Structures are given as structure tokens and as C-alpha cells.
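Shown next as C-alpha cells: one chain only, the form predicted on its own.
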């Protein structure tokens, strides 16, 4: 694990003689090309050489920006989370009901992910491998994961729902785990426009909202704390 941050996340900047703007355009082009090839041919069958060729850049240039295929996927994760945040934050602004904020944020995520449904289906076998660097639970995926948890932190923080203080601290990560479950369902959802996933969000979020409110009751508070202690133990 002696690699630098740039080695892990792909090299910043641009080759000598290229402007920063041109460098960002090249990075985006390489990522777009990789996503298309992953969707068409699968993750394992897509090579850096093929990505470079289809993007119209040299193999050395492709490796300058991204040290491996895994770095390409991580760059895609980062971009996806930025797009989800850009869609979700304005949509939940002014809304204070927790369940409504959660439902709106989850729908915004599905809206952003929809164009990549085919790509996700090809990537899922690799992404669900616990040893894979492109797993959403991997160290390499930490920036995208933290960005997603950060969005759920905002969903919780700006709602009017009264929460147990200990639950408030842990809830954003628990919501992210729920989001991962919904995403996995979405990947396998073959209904038109992933209609069943939308139904799942619409039906599940009011239930989550009620459960969260119920945890304030004295009779459930101890149980809630025991569950949170279990979560912490599993995390450790």
C-alpha cells in the first residue's frame, strides 16, 4: 500500500504541452469510452489498449491519466456521485419531512444511474467480489462511498424528524447500505424503466420514516442502541 494518492486514483494534470482544460476533456473522454466498452464487452474483456484506441489517444496517454482499469471505474464512481448530488440537493431543498427527503434523494440517484443500467449489469460480477478494488466497499472506493454517505447525512440533518442522538450519527451510513441494496435490486430489475425499483423506493421510504420515528419511544430505545452497537462491532 505504498502507492501515492495519484497512483490510486489516477494521475492528475495533463501531459506536457496540454492545457488543464484539455486534460480534463481527455480524462472525461477516456472514462466515457471505458464505460461504453464495459457495457458492450464486459469489464474483463475490456483492455486499456482498447479504451485508448477507441478514445483516439495513445496507450501511454491513457495510462498517464489512469493507471489501470480499476482507476477508470473509480473515476466513474466519483463522477456518478457528483452528478447524483447535483440532482438530489436542489430536489430536497425546502423539504423537511425525512421520508420525503429520502425518497427524493433515492429517485434522483436512480435518475442519474439510468443511462448506465447496461454498464452496471456487466460490472456487477466484479463489483460484488469482496476482493475487487472496484467493490463499493473497497478502500479504493472510499471517496465515492464517503460522498454518497455525505448526501444521506444531509438528508438526515435538514429534516424535522426528531431522532435519538446515537441513531442520528449512524443513520447516514445505514441509509447508504440500504441504497446499496436498492442499487443491487435496480441492476437486476428488468421491468420497463426499472419501474419495480421506483415502486420499491416509494413503498419502502415511508416505512423507514416510521421506523426512525418509533426509535424515539422508550420501549424501543434500548433495542435501537443494541442494534447500533452490533453495527459498530461488525464495522470494527
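Predicted model only: the values in this text are computed from it and were never measured. Numbering follows the first chain given and starts at 1.
The following text describes the form predicted in complex with another copy of the chain, which does not appear among the structures shown.
Though another copy of the chain is absent from this view, in the predicted bound form it lies within 4.5 Å of a heavy atom of just one residue from 100, 135, 114, 161, which is 135.
Among heavy atoms of residue 128, some come within 4.5 Å of another copy of the chain in the predicted bound form. Not displayed here, another copy of the chain is approached by residue 122 to within 4.5 Å at the level of heavy atoms in the predicted bound form.
Although the partner is absent from this view, residue 168 stays clear of another copy of the chain in the predicted bound form, with no non-hydrogen atom inside 4.5 angstroms. Among residues of the shown chain, residue 204 is one whose heavy atoms approach another copy of the chain to within 4.5 Å in the predicted bound form.
Stretch 187-195 is the contacting one of 52-60, 168-176, 31-39, 187-195, since its residues have non-hydrogen atoms within 4.5 Å of another copy of the chain in the predicted bound form. Shown here without another copy of the chain, the chain has 200, 203, 204, 207, 210, 211, 214, 217, 219, 220, 222 in 200-222 lying with a heavy atom within 4.5 Å of that partner in the predicted bound form.
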